[in-house]
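First, one chain by itself in structure tokens, the form predicted on its own.
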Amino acid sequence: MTTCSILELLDIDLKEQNKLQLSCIAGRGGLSNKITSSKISRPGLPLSGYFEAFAGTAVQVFGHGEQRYIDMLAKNGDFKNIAKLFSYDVPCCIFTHSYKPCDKIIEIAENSGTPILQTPLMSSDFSRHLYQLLDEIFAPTKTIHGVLVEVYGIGVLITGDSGVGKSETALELIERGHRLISDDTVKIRNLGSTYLIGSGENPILAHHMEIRGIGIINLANIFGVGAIREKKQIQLMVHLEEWDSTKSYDRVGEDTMTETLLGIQVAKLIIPVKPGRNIPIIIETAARNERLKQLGYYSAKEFDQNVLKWFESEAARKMYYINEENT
């Protein structure tokens, strides 16, 4: 089961250039508390005494409304519902707008071992960033053997048997100005059941490449940081295989092939490899064609329509000449 501690959340926030701008103001003894889901709770109803549907194991975010209500409770000296809220296994409580709760609430948090975090962000902005971060942490994940490159803005996942030329193809694409995300192993995450994000299984090793006959090379050092990126949406799969003369390969492109990864369908091409075929240029062309498809332009369908029009015009001319000869 995937989990993330509060301390890890603060560390990730720093690595992500502090988008959440979180700081711990109390309850540091609970920084090892685990976040077990991507859910976020706004505890307005529990503060008023209704705990029936309270998501007690979710991160609790206190916005302006909750803060004003807490001020009212503190003014009346009524901390019963607040104490009950902290009796649950709450991983942490986060206060937006740089709000700092009163000393009594901090005391309750310290006694329950619940970290109190603070951010200067507005509730809406903070919740959006936190949802995005937690979605990435808890997204369904799969690791596959392949190479992920960005070609003309399209994330292309290159797969195939060992030794078929995946790394060499990616190397040529990088030489031609495209970018590498990961070589050999690609970690795929399903974000929001809408799209797939690919990255390196190990960020430290992702931009190294093994080229048979040369060894391990560092792409960032050889081609510069512009030749790499950390992650990319996977929009096209290209499977390389040795040319099989007995197999019939698609020559028109009307049949759209897909492969399902983590429940999401991705467009797929099977490209046969043999001497004389320039695979990097073929992949470049496939990436350009995929971009056209995303814009609603299908070359194969247009070709089919043009052929039908040509047949119709030829048939019409023949019918005209036949009628002329009969008159």
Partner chain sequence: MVSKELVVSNRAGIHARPAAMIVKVANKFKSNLFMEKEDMKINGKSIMGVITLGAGYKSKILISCEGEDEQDMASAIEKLFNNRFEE
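All values reported here derive from a predicted model rather than from experimental measurement. Numbering follows the first chain given and starts at 1.
There is another form of the same protein, the form predicted together with the partner chain; it is not shown, and what comes next is about it.
The stretch from 148-156, 209-217, 88-96, 107-115 that comes within 4.5 Å of the partner chain in the model of the complex, counting heavy atoms only, is 209-217. Exactly one listed residue, out of 143, 233, 221, 256, brings a non-hydrogen atom to within 4.5 Å of the partner chain in the model of the complex: 143. Checking 72, 205, 102, 225 against the partner chain in the model of the complex, a heavy atom within 4.5 Å turns up for just one residue: 205.
The partner chain is not shown here, and in the model of the complex it never comes within 4.5 Å of any heavy atom of residue 132.
Within this chain, residue 162 lines the site of the partner chain in the model of the complex, having a heavy atom no more than 4.5 Å away. Among residues of the shown chain, residue 201 is one whose heavy atoms approach the partner chain to within 4.5 Å in the model of the complex. Proximity of residue 184 to the partner chain in the model of the complex: non-hydrogen atoms within 4.5 Å are present.
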